[in-house]
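Next comes just one chain, in structure tokens: the form predicted on its own.
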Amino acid sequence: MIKDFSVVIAGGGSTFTPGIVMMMLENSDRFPMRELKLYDNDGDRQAVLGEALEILLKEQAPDLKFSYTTDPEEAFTDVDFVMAHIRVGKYEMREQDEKIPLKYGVVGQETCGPGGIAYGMRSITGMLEIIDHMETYSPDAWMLNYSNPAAIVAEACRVMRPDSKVLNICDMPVGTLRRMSQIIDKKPDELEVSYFGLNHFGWWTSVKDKESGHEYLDEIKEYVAENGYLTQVEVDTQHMDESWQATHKKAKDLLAIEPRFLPNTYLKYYFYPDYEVGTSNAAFTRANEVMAGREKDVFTAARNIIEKGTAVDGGFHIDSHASFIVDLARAIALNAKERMLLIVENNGAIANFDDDAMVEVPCIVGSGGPEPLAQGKIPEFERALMLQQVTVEKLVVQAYIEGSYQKLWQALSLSKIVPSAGVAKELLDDLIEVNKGYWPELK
């Protein structure tokens, strides 16, 4: 008999929170909850979503105990899982992460290059705080982290909290697998993939039918070579922003560089930075798009629910694709031996890559955590790219720990996205200025 779980969502004021709460209700037969809590350090922001969700849950799950708080003890006591989607500095700082690099003709993106480094330096403190709260008040709990930038956060956890029960997972491969399944008219759970890389920096080497073992890689590549990963189903049903449509289309150019494997779409920032900068609007970046779109929509819906006193026809949308979070929690709780892509310490999973690198590979997940599956040796081209990028991530974490200006300058200079050490230094000085109060002091 499956137990009823107690869950806290860290980052309760996130625009993703309502969709994830509704997804968990949809999966209550697979993952029953006795208590759900929201935790955020911005009480006013969280209260809007908390009050609306309280109304929704009274209507849809009256037996579920629900609360929202800014008090760590209240939030983290007696929980089985911490689901973390935090954004330190919120969208206002994301806007800086995107616009400052563009000023120098460099890609401005929340997880790649200078923007990702700046966001990573802010996120480490917040992530460590949440891990420490969990270990203080619920030492047996697991944290399921899907906060960006996952690569830097995962490296910081490896170095600074090596024994903590933290699983780092990303939704990007989940979304791409969904699009692959549409291309071949299958369901995602009918497919089994092999993949190697770093977070937002990898390649699929196999997409097989779970039942028959049939390999679909060539069939999918044929479609991607013409259309990228963009499918009409997604355009029609997901209300996809134009910037995301362009991202999925660009996969065809990534496949052209390396035709053996299917690429992660984020590789476009590393291979085509000139194209990305050329098509960016420095006055209205992705952060502005989100603030004018999803953020406005979610908080407007929440205020409407509060005003009406009912969530019927309330405007919150279920985030069904986030069900991977429930899959991961179930795998841990039930020792389900589920196969999932996670960000883990390599330790030989990629035979010719550093053991201490945080890589993204298929793992078998049970009650003891993830067991990475061997992906063999990888080609020289991918190995060299990954070594450059993972070294950037390691230098960022070292810079954070040591308060080292030098190491952060080196990280920016090594990034494939940044054209020179001179530009890296100017960028760094600008980023230090806007991140005062978020970053440790650098000397």
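Heads up: residue numbers just count along the shown sequence, starting at 1. All values reported here derive from a predicted model rather than from experimental measurement.
We do not show the form predicted together with nicotinamide-adenine-dinucleotide, though everything after this point is about it.
Contact with nicotinamide-adenine-dinucleotide in the predicted bound form, judged by any heavy atom within 4.5 Å, is made by just one of M83, L177, I130, I350: I130. Screening A75, L254, C170, M358 for any heavy atom within 4.5 Å of nicotinamide-adenine-dinucleotide in the predicted bound form leaves a single hit, C170. Using a 4.5 angstroms heavy atom cutoff to nicotinamide-adenine-dinucleotide in the predicted bound form, none of K165, R330 and P370 count as contacting. Comment: 119-127 is the region of 217-225, 334-342, 254-262, 119-127 lying near nicotinamide-adenine-dinucleotide in the predicted bound form, near meaning a non-hydrogen atom within 4.5 Å. In the predicted bound form, nicotinamide-adenine-dinucleotide stays beyond 4.5 Å of every heavy atom belonging to Y68. In the predicted bound form, nicotinamide-adenine-dinucleotide stays beyond 4.5 Å of every heavy atom belonging to Y400. Although the partner is absent here, F31 is not a contact residue: none of its heavy atoms lies within 4.5 angstroms of nicotinamide-adenine-dinucleotide in the predicted bound form. The shortest heavy atom separation between K249 and nicotinamide-adenine-dinucleotide in the predicted bound form exceeds 4.5 Å. Looking at 85-122, the residues that come within 4.5 Å of nicotinamide-adenine-dinucleotide in the predicted bound form, counting any heavy atom, are H85, I86, R87, V88, K90, Y91, E110, Y119.
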